[in-house]
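Consider the single chain below, provided in structure tokens and representing the form predicted on its own.
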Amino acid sequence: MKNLHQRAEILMEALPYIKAYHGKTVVIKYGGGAMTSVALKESIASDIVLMKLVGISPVIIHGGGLEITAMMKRLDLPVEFIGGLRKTDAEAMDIVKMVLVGKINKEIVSLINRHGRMAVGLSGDDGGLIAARKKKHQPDLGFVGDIDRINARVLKDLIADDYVPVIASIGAGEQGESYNINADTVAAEVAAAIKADKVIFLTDVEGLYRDFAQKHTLISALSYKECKKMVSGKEIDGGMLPKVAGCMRAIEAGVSRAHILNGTIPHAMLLEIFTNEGIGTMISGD
């Protein structure tokens, strides 16, 4: 009976959060360490389904850098990063599309749809979803792009029809050429375009730290101004900067809250959204 009461208490703790987020849109950036095992993939898909069934509208953005690198090495193609960005020639771009659209996107959609036909796979090429241009960079990065525009109507129509959009981080240029785009950037711009209530970045660390070497310095919550001050003071590790920049961009566009969570923790999103304590780092507007 004690265990049954504890389960009931957990459900009752979630109730006010279910009420608060019912009908709201949450953008989830999924990638990195959270994609490393079958069990984790299935857990995250189940969490997305639960969110959908209690009235939240999830929108999933995914990358797949680890699998792209593995495939390029398997095909004996050169793997080169410049300033943290993958140099993407025409052959590499074909591999990016094959892995992101042909493999990972379909896998995520399939895992969600085991629970009902609710997910639809997309890339930036579909319906003019992500209009992109070649990134200005020296040295030249090839088919790496920046976002010009998100076609919010495509996503809003899918959400209105009760689907979960699952988006591969590829954009389309004016001539129909494809561009490889950082998935953190895509998540932030999508959240901004559709006026999401929340954006979540799943990574493989617990969140932001005052001092990464001191695990007790994890920051559970901070304001946009505090976050901006940390970036200006170069207090944030370089690998975390794209996610923090994504959080800040989303907040600037009116998204209420942005979260950085360890996606390798089972049910991390549910713990953050539906419990009093939460986990990870939350950045909120001022």
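The first residue of the shown sequence is 1; numbering continues from there. Source: prediction; values computed, not measured.
Keep in mind the form predicted in complex with another copy of the chain is missing from the figure; the text below concerns it.
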Residues K134, A221 and L241 all lining another copy of the chain in the model of the complex, heavy atom within 4.5 Å: no
Contact of K24 with another copy of the chain in the model of the complex (heavy atom, 4.5 Å): no
Touches another copy of the chain in the model of the complex: T36 (any heavy atom, 4.5 Å): no
4.5 Å heavy atom contact, H216 and another copy of the chain in the model of the complex: no
4.5 angstroms heavy atom contact with another copy of the chain in the model of the complex for Q138: no
Candidate stretches 79-87, 111-119, 185-193, 139-147, one within 4.5 Å of another copy of the chain in the model of the complex by heavy atom: 111-119
Members of 97-132 lying within 4.5 angstroms of another copy of the chain, judged by heavy atom, in the model of the complex: K97, M98, V99, V101, G102, K103, K106, V109, S110, N113, R114, H115, R117, A119, V120, G121, L122, S123, D125, D126, G127, G128
